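We begin with a single chain expressed as structure tokens, specifically the form predicted alone.
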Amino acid sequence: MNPRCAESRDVPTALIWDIKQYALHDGPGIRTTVFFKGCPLRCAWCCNPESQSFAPEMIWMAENCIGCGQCVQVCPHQAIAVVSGAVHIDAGRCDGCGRCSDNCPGGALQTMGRAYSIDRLMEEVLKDEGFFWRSGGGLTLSGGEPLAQADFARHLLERYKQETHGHTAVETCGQADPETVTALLPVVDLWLYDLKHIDPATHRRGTGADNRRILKNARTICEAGAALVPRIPLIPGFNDDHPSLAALAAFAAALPGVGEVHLMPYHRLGHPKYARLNRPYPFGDRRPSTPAAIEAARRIFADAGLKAGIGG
């Protein structure tokens, strides 16, 4: 074992649903992005529904299934049945043990959410260490919501800083206790910060929670002198009208040190994931952001004095 990754017995584990290496859109340079499982919000347009629950989940991809029935045989909880050629998973019985996905020859079943120690994650992250220092990249924590597992996130970032002195970033919705944000400030070099709406009631209708804590935490981060880039999802019928975007632009422009935003056009790439989780897609009738709508949004933020990049 790498001596730098000696066992850390004084830190918890975290539930992680994905690790993306050679990531190019989650901060500067080439990065490894660690996706934490679980989010306090329930955005109707979420493109990663598998990230929302704080418990492990199984997904079934019909296109990969060879119909062998191995999953039914190995499940210790009788949580899987095949009905008319389709695999059905009883979420009440499934505990996310992963035995079915580990034994699926076609890769049709996948476990979303596995417990990782910091040592195990560091071994994955450090595989790309050479790319980090050559490109100015580093480690990004994403989700779900990494601040929902804040103790682990802080320990991981501290460990990464100690061993590499590399760049760190956090992608967050900002829905966290202020104390959580303050504790992470010393180990986060860049905050990629979602801002979805200014009006608290509208924000609640779209995400399940109002935004007062989110806006306060954004101000706290910027007033501490930390680097923050707002990320604005452009959601048709929710916030892509001129008044909503102008209010977001005014808020972002007033944050100390903020000179740019990332506009994130709405797309439907997450639609198939809902079927894999046996959930309805809430935004089934919404169409992707048009080039005209994206350009109109860019001009609103430019008029507020902000550089508006498209995408992450």
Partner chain sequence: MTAVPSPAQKTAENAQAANGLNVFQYTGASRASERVRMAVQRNLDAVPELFPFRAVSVTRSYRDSEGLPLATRRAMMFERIMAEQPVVIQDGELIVGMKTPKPHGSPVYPEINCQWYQRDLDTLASRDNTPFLVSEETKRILREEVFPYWPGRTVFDRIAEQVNEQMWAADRRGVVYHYFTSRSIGHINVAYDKILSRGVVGIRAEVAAAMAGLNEADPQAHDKRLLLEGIDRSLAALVVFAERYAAEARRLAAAETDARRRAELTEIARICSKVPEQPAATFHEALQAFHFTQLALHLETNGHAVGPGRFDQYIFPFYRADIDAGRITPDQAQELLDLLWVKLDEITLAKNSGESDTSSSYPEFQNLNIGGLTADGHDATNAVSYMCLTALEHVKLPQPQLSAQISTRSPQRFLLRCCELLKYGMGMPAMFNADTIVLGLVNRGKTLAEARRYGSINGCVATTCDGRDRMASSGYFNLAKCLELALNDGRDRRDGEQIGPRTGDPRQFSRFEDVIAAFETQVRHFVDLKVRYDDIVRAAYAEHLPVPVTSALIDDCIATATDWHAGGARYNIATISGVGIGTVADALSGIRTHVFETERFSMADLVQALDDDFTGHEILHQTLVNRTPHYGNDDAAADALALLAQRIFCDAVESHRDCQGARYWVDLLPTTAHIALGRLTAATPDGRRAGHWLSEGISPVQGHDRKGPTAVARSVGRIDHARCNGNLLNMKISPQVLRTPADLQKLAALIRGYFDTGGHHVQFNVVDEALLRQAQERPAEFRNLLVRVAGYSDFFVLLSRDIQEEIIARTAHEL
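Numbering follows the first chain given and starts at 1. These numbers were taken from a predicted model, which means no experiment stands behind them.
This next part talks about the form predicted together with the partner chain, which is not shown.
Using a 4.5 Å cut on heavy atoms, which of Thr202, Thr180, Ser135, Thr220 is close to the partner chain in the predicted complex? Looking at Thr202, Thr180, Ser135, Thr220 one by one, just Ser135 meets the 4.5 Å heavy-atom criterion.
Can you pick out, from Cys75, Ile118, Cys104, Ile235, the residue that has a heavy atom within 4.5 Å of the partner chain in the predicted complex? Of the candidates Cys75, Ile118, Cys104, Ile235, Cys104 is the one lying within 4.5 Å of the partner chain in the predicted complex.
Using a 4.5 Å heavy atom cut-off, which of 120-128, 75-83, 203-211, 164-172 contacts the partner chain in the predicted complex? Flagged stretch: 120-128.
Is there a heavy atom of Ala254 no more than 4.5 Å from a heavy atom of the partner chain in the predicted complex? No - in the predicted complex, heavy atoms of Ala254 and the partner chain never come within 4.5 Å of each other.
Though only this chain appears here, would Gln70 touch the partner chain in the predicted complex if you measure heavy atom gaps against 4.5 Å? Although the partner chain is absent here, Gln70 would touch it in the predicted complex, with heavy atoms inside 4.5 Å.
Residue-level contact is defined here as any heavy atom of the residue lying within 4.5 Å of the partner chain in the predicted complex; does Thr13 satisfy this criterion? No, no contact at 4.5 Å.
Contact label in the predicted complex: Pro272 to the partner chain, heavy atom within 4.5 Å: No.
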